[in-house]
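Below sits a lone chain in structure tokens, taken as the form predicted on its own.
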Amino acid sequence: MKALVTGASSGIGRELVKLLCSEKDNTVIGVARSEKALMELKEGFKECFIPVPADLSRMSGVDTVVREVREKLGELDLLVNNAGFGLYKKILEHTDEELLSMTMVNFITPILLTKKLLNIMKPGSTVVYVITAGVYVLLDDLPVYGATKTALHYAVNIIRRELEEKGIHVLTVYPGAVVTPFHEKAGYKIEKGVKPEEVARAILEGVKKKKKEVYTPAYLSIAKILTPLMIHVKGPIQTRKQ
């Protein structure tokens, strides 16, 4: 399998790279801004892993990734749009750059990568979009993150039909709070949540079984029922039953 994983330097993306590279005959391109973190990951998977440092908040970064995938892999069986970031602050307190960067990374870049790599993906290939269970509620403390991920959720439900016409499968992933550097970088420290390796395993299982949706933990699928209510939620989505 030839795969591309964005957000590969930590959290879900890093764990997914490890899983893919633990299997035979896989080649994985991992994308992140931190070249150091990518090179550290490569130390453990020299034959499987190809690091591509790129800033996916910039069009130049997207173009770099597309070029590297075409040159290094030639074709693509699995595209995992995992990169994303958020900030714990009010919408009107975000800087212009934060608003633009978050919209690009969380919403526009996954669509651009799908569009630009589509012609090297054969029927039977899979595109994964890591979204968030937070699209079913109002994330008061992560409002721009929630808005951009909701936009991706909306678009992907349409893209799914467009790609199915080409024989390409789409898997959407809806995690709750995951214990990764995401929250600390966003300005909030969480103590409870699902482990990134659990999400990575669920994604890989979903890819192999051609699932349409994956929720981690599984009980978060009930969030779909709450959509019309648009419940306000403070802090991250709870991932442990009380």
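Throughout, we count residues from 1 along the sequence that is shown. Here the structure is a predicted model, which means the values were calculated and not measured.
Only in words, not in the display: the form predicted in complex with a small molecule, which the text now covers.
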TODO: Mark F107 yes when one of its heavy atoms lies within 4.5 Å of a heavy atom of the small molecule in the model of the complex, and no otherwise.
DONE: no
Task: Partner proximity in the model of the complex: L79 to the small molecule, non-hydrogen atom cutoff 4.5 Å - done: no
TODO: Look up in the model of the complex whether Y136 has a non-hydrogen atom within 4.5 angstroms of the small molecule, and give yes or no.
DONE: no
Task: the small molecule contact in the model of the complex: I131, any heavy atom under 4.5 Å - done: yes
Open item on the list: So the small molecule isn't shown here. In the model of the complex, which residue out of A177, L41, V28, V207 has a non-hydrogen atom within 4.5 Å of it?
Closed with: A177
Task: Selected contact from V214, A200, A54, V69, since only one has a non-hydrogen atom within 4.5 angstroms of the small molecule in the model of the complex - done: A54
Open item on the list: Heavy atoms within 4.5 Å of the small molecule in the model of the complex: which stretch in 84-92, 158-166, 113-121, 69-77 meets that?
Closed with: 84-92
